[in-house]
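Below are two forms of the same protein chain, given as structure tokens: structure 1, then structure 2.
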Structure 1
Amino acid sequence: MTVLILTCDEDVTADMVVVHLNASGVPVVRLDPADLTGSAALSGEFVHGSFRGHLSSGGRLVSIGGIRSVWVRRPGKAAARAAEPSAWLTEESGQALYGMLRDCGARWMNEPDAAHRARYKPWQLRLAQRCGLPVPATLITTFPRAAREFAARYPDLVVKPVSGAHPQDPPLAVPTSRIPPEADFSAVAHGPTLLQRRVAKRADIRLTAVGAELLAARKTTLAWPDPEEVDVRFTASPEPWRPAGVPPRVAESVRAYLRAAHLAYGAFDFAEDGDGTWWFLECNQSGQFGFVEVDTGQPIARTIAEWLARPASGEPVDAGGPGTAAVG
């Protein structure tokens, strides 16, 4: 049984996991949907209630029924690199690929519909609070008056993008920034603006959840930080990430979040205040983890590989097979 990784070509984070899968003898096929109709191909026939066929990528062939798990890492847009790309071809290719993979019996990290829903920041904040995680007061608005009234109630605010684009995705990425006291909120009328009460943090927390496993890392805030720099992703800091224990109540709430969101993987960001409270900021369903593993030595890539290597529902376990070491 094969692990299928859907991601772009230059994904070093995926490479880290592939190393562990290879070491455990687990077959891996890596496919970027952007290569469909070019170096990637597919074929499936609907027979007796399911699709039977194959996927091909980079000269490797895998049967749809022989896929153990699917890791949706950072796939490109379907057929984006086709000889004659078009919106029509992208839609057709995406429908074909993801449509045939659904209900093939494989385990997903993460299932596409759940991952798509989990991207929405307002949805995240509601779910986090329902699961018992503290969430800072937040306003998303295009009404300048609403922004001014919110600022009057919470004078110390930050502004951040609603979409939460990653720093490696310019020009979409905008760092979280503090709002000056004399701010003119008239510009919020031109686009949805997310305002949030600033947490006076003593540390940033990145908690990587892989199934039931929670691996947390902590980066201490500098004693005299630049008051304008509040986004750890854009801030140059000599402080490394260090392993951190997860408070039991936080662990319970994070696992409840994953269950409710139907996620097998999530990268949670928290701000730890002076009282030690972890304030929920966001959960990236495909967030990076390599930088944390490099600093802390935490076995995140290995944990993901072990999750992917476990047998799918109904798949017999080969007690003597080459993949035994990776089955957990």
Structure 2
Amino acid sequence: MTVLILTCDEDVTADMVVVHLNASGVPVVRLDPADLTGSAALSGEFVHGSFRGHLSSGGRLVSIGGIRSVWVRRPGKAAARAAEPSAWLTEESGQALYGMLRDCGARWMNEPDAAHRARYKPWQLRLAQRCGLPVPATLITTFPRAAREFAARYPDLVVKPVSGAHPQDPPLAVPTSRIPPEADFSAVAHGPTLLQRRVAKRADIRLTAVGAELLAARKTTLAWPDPEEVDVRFTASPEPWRPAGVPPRVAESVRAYLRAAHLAYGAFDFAEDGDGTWWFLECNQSGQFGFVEVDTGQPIARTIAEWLARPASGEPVDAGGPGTAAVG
């Protein structure tokens, strides 16, 4: 039984996990959908009520029925590197590949539909609320009057994008920014705006969830930070990330969130306030973890490898088997 990794060639984060899979002798096939229909190929036959499918990538052939788990890391756009790329070829290749892999019986990190849904920020905020995680008061609106009323109730606000990142290539992360007093909210009418009560934080928390394992890291906020800099991603800080314990109630809520979202992996960002409360900011279902592992030494890559390698219940533990074969 094979672990299939969908990612691009230059993915060092995937490399970190592959090292552990190789060390434990688990067969791995790495496939970049961008390589369809060049060095990657596929075939699936639906005959007499049954299905037999195969993928080939980098000279290795894997039976779709022999895939134990699929890790969707940073897959390229389907057929992007084809000899004659086109929107039509991308559509056809993506439909063929993901259409065969969907419901193939493998465990997913993360299942594509769950991953898609998990990106919606308003949905994240409601789910976090329902799971008992504290969420800073938030407004998403195109009504200037609603923005003004909200700012009157919560004078210390930040503004951030509703979606994750600006859709340019490569994507541009838009920083969270403070709203000056007496801001003019009339421009809110031109685009949905996300306003959130600023948490006076003493630390940033990154909690990486891998299946049932929760690995948290904490970065102390500088004693006299620049009051304009609220986004840890854009702040040069001498403070490293350090391992942190997860409060039991937070752990319970995070696990409930992952169950409801059908996610096997999630990178949660929290802001820790002066009382030690962890305020939910977001959960990125494909969030990076390399920088945390480097700072903290937490075994995130190994934990992911173990999750991917784990046999399904009832499946023999023997890691090898007929799932893979060299292409003759």
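Each form is matched to the other, and the largest set of C-alpha atoms that superpose within 1.5 Å is called the rigid core. These figures come from a predicted structure and were not determined experimentally. Residue positions are counted from 1 along structure 1's sequence.
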- Mind telling me which structure is the form predicted alone? 1
- Message: For a quick test of reading the superposition: does Gly276 move by 2 Å or more at the CA between structure 1 and structure 2, rigid core aligned?
- Response: no
- Item | C-alpha of Pro243 off by 2 Å or more between structure 1 and structure 2 on rigid core | no
- Flag for Arg145, CA shift 2 Å or larger between structure 1 and structure 2 after aligning core: yes
- Query: Hey, core superposed, how many Å does Val47 shift at the CA between structure 1 and structure 2?
  - Reply: 3.6
